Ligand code: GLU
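Single chain ahead, by itself, as structure tokens, in the form predicted on its own.
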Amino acid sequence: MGDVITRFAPSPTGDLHVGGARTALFCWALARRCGGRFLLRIEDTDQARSTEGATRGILESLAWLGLDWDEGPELDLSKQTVWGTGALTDVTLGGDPRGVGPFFQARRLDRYNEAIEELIERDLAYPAFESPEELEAKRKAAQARKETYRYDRAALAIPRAERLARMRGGEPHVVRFRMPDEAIVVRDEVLGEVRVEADQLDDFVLRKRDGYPTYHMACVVDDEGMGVTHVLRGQEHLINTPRHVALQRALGYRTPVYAHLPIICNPDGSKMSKRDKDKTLKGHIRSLGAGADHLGAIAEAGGVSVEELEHWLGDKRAQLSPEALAKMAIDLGIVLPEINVRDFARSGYLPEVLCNYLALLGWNPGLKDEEGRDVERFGMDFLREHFSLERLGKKASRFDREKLLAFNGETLQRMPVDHFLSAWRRWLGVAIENRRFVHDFSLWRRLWEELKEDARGLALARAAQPRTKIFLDAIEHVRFALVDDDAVVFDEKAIRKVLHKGEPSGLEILRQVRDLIEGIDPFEPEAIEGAIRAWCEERGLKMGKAAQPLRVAITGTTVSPGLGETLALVGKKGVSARIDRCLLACDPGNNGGD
């Protein structure tokens, strides 16, 4: 099966959605399983929306995921910052070893026009001259009759010679394909035989008024010219496939093997889209009950006007740019739901974990582990070895973020601590460079500097790793060790529960252990825990009786890494200073205390 050639052909109109990433993953896996080739092609014929930045983002997304393409646009990873934790480094991806490029459709117009001219000459395609306004009027009339609009072939009422003369003379027009008046049957590897009757399809456009080909024309010509044997794409494209099959037959092309993948949706069954970010941010802003001044500050953070912000809040169809949404979210200190591959990279997911999870959305290996459970955790080598079209499902897949988060947390927590530190450093370095999700930049910068020191970095990593699920939240687990001693904020509930209650009270415990802290040497986790444990045993106290007041004094809360690690990270001088401040601030007998 070495002749298998798959392709992933995204449109560069935005970041790579996880649905597109799953399609690319399956195309890559099939090609690797069969010893074939995985090809990347950029469908940039939508000149109004395509951008170079989006193209670069797509290439970097695929590289971060570890999906190396054999043919396509080149990406030199030695000159790229691919988000810090990518699997591929110091290699050049892409190229054109078979000479089938270029891989940008906007550079292949002569090929499409040649095929279109052939169809026109054979009377299998024709120019049509209706304006967009005229077509819209016809659509509305069909809707008023409660009918599905199909192009009425009005252009064919114009004599053929006149049609061609008007087209050659430069009159604005589109070129339409003349669909055969017969049913089209598509053999799909996932859905089986799909039959579409002739009255369900009309004469679709091959070339737009701007002279660029439509998606249908370009992908059919390119799939043939590039030798694509297998087309894997989402089920939302199924309606296009009969058109492509008809066009392939008209041009004498091969018909590739088709496999239409189940759609990916949210747990509630709704479409997983960038609008989820809108909903989250709108809901948060509305919950604030923001007045005019507050809205002004939010708008300024997002780089939009107050009028634009108010319109966006009031109209569910209105959208702001991804950049504006991200800036406002950072300013408000919230994290928007991850939708695109870049979102998951920024949040601190591992690429191999995301690939593992995406592979389970519509496919499973059909294998059991030693305990008889379905195999769900695997790496790219496993997918390369076991992927097959026969194991693809038909039903929509639900994106369970909690499951993905659990996968990622398990992987991070099982890493050797030096590997965890290395990955955390790389991720944080890229985050700081790009200021992605960085609400408290000075704190992040301080962590970055401390992680670069081997001993300090390992200590921070050991403290954060056991509770880290994504790198974005790792900083919260060690925040107490990065703030100044006088900047610790004491949780009111913790003060009442831990410091004021009990006999002896937490405050009394702190007074007693302060001198003990001064005498611990070396001031390292094991020595600290041993000394405090021995102190408690001498007095018939449980370890928690001393540990919780110390946590409150040192971190402001009752939740932290191990007690020895917590105190060691702050240092003896800092621990003493924080205990003193806590006693002063939280003792009801002191002025200004509770």
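As the structure is a prediction and not an experimental result, all values here were calculated from the model. Residue indices: 1-based, along the sequence shown.
Same protein, other form: the form predicted together with glutamic acid, not shown, and the subject of what follows.
Enquirer: Quick one: find which of 328-336, 231-239, 349-357, 141-149 has residues within 4.5 Å of glutamic acid in the model of the complex by heavy atom distance.
Expert: Looking at the other structure, the answer is 231-239.
Enquirer: Would residue 363 count as a contact of glutamic acid in the model of the complex, using a 4.5 angstroms cut-off between non-hydrogen atoms?
Expert: Residue 363: no, not in contact with glutamic acid in the model of the complex.
Enquirer: In the model of the complex, does residue 10 come within 4.5 Å of glutamic acid, counting heavy atoms only?
Expert: Yes - in the model of the complex, heavy atoms of residue 10 and glutamic acid come within 4.5 Å of each other.
Enquirer: Is residue 404 one of the residues lying within 4.5 Å of glutamic acid in the model of the complex, judged by heavy atom distances?
Expert: Flag for residue 404 set to no.
Enquirer: Is residue 215 near glutamic acid? Define near as a heavy atom within 4.5 Å, in the model of the complex.
Expert: Looking in the model of the complex, residue contacts with glutamic acid include residue 215, since a heavy atom lies within 4.5 Å.
Enquirer: Note which of 70, 529, 60, 43 lies within 4.5 Å of glutamic acid in the model of the complex, where distance is taken over heavy atoms; exactly one does.
Expert: By the 4.5 Å heavy-atom cutoff, the listed residue in contact is 43.
Enquirer: Counting non-hydrogen atoms within 4.5 angstroms of glutamic acid in the model of the complex, say which of 459, 219, 190, 513 makes the cut.
Expert: Residue within 4.5 Å of the partner: 219.
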